[in-house]
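In the block that follows, a single chain appears as structure tokens, in the form predicted alone.
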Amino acid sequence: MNLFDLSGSGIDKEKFDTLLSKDNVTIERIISHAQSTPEGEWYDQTWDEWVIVIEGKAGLLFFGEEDVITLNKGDSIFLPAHQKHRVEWTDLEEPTIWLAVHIRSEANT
């Protein structure tokens, strides 16, 4: 798979592709087209996640914070288990391509 191949993605919803899943690690490619987390909803995952934006840009907000963190191409962030967060916005001009590494362990279940 080519990480930059946009075939099969559309502007109406995000596309999720599992690239590797082994033991406690899953690597996923996400393609966003101006999507955001629905108003009032928060991700509260039971696993750690590291994400990098490899194309486009996005804004993340942590629960209880006021400032949105802007992630540009090449920026990454670590999201520990139970760190409530939401995607405030993704690029309106071009697709945002994320690479997400999900790490599950007994300590964060």
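Sequential numbering from 1, following the sequence displayed. Given the structure is predicted, the values throughout are model-derived calculations rather than measurements.
FYI, the form predicted in complex with another copy of the chain isn't displayed, but the following is about it.
Q.
Counting heavy atoms only and using a 4.5 Å cut-off, do Leu19, Lys22 and Val25 all touch another copy of the chain in the predicted complex?
A. Yes: Leu19, Lys22 and Val25 each sit within 4.5 Å of another copy of the chain in the predicted complex.
(Q) in the predicted complex, is there a heavy atom of another copy of the chain that lies within 4.5 Å of any heavy atom of Leu6, even though the partner is absent here? (A) No - in the predicted complex, heavy atoms of Leu6 and another copy of the chain never come within 4.5 Å of each other.
Q. Using 4.5 Å between non-hydrogen atoms, is Trp50 touching another copy of the chain in the predicted complex?
A. Yes.
Q. Would His82 sit within 4.5 Å of another copy of the chain in the predicted complex, counting heavy atoms only?
A. No - in the predicted complex, heavy atoms of His82 and another copy of the chain never come within 4.5 Å of each other.
Q. Heavy atom to heavy atom, is Lys73 within 4.5 Å of another copy of the chain in the predicted complex?
A. Yes.
Q) Using a 4.5 Å cut-off on heavy atoms, which residues of 88 to 106 contact another copy of the chain in the predicted complex? A) Counting only heavy atoms within 4.5 Å of another copy of the chain in the predicted complex, the contacting residues of 88 to 106 are Leu99, Val101, Ile103, Ser105.
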